[in-house]
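One chain is shown next in structure tokens, namely the form predicted on its own.
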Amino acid sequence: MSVNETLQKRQHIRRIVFILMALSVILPLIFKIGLPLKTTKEVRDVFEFIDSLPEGSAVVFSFDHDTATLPEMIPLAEALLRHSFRKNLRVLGLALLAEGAAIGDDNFRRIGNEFGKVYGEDYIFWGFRPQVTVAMLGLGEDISRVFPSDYYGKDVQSYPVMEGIDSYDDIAGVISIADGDMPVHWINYAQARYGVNVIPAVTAVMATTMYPFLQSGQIAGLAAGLRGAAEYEMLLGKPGRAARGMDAQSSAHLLIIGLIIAGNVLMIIERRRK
């Protein structure tokens, strides 16, 4: 076989591999496969915490991420918001990163409408505050001082959802949807000082940073990455985009393993033939 023929053969094989990889990712996103997924204790802890809250309890969602990590952050936020709205909790939102404000408001609106919730009565989005430490400590003293108006510029105390909510004493937990170490600040300034429950919902790469706090009991649970979102969807009994994403990821991994095995088998056969 000439050099040109060898190169052409390799290019042909490369194209086949690319096509197979594309199909292994695209098809699970279109068609429901439902590969088995075992839920972990830390995700079950988050689910049980929210599930145990009495109707009307208040939970805070803090959108502490930017747009670069939306593929992981949005499924996590959607799953946790769906559970909160399904439990008829009062859902309060804020952002400690500028880009998180628009993202958080959009999530609140979409999932709130999905459950027929009314802005100002069932949920509210306070908006963005840039000074992280001041904001976290201020919420422990007087929420209306930190957020005198909501995302739309209206007095927060004019909304029925805010009735009886003045500080962390009136909040069941803070859920930090984060792609960095912002949950650590929530632990340092909100949990350590005021005793409020903190739940990090973070990217997969940040999970290892959170496990020491999980082991010390400083956080009520942990949901990390696309897998954490998929596990939560399974616990809700409503697999969604995260579950499909995990199916796509798993099928791609299986294809890679299969190609590695096939490549080694072909190499052994070729050596024996020679």
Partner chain sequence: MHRKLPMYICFLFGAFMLVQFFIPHRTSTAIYETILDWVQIIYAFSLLVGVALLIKHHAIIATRPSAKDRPYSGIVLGGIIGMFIFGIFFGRGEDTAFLWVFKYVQAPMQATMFSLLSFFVASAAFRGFRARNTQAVFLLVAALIVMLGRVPVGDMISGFIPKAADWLLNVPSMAARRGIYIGIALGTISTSLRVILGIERTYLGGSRG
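Residue numbers count along the first chain shown, from 1. What you see is a predicted model, and the numbers here were worked out from it, not measured in a lab.
Unshown form predicted together with the partner chain; subsequent notes refer to it.
Looking at residue 141, you'd find a heavy atom of it within 4.5 angstroms of the partner chain in the predicted complex. Interface residue remark: residue 12 is not counted as part of the site for the partner chain in the predicted complex, having no heavy atom within 4.5 Å. The partner chain in the predicted complex is approached by residue 131, whose closest heavy atom lies within 4.5 angstroms of it.
The partner chain in the predicted complex comes within 4.5 Å of no heavy atom belonging to residue 54. Across the proposed site, 37, 212 and 216 without exception bring a heavy atom within 4.5 Å of the partner chain in the predicted complex. Of all the residues from 251 to 274, those having a non-hydrogen atom no more than 4.5 Å from the partner chain in the predicted complex are 253, 254, 256, 257, 259, 260, 262, 263, 264, 266, 267, 271.
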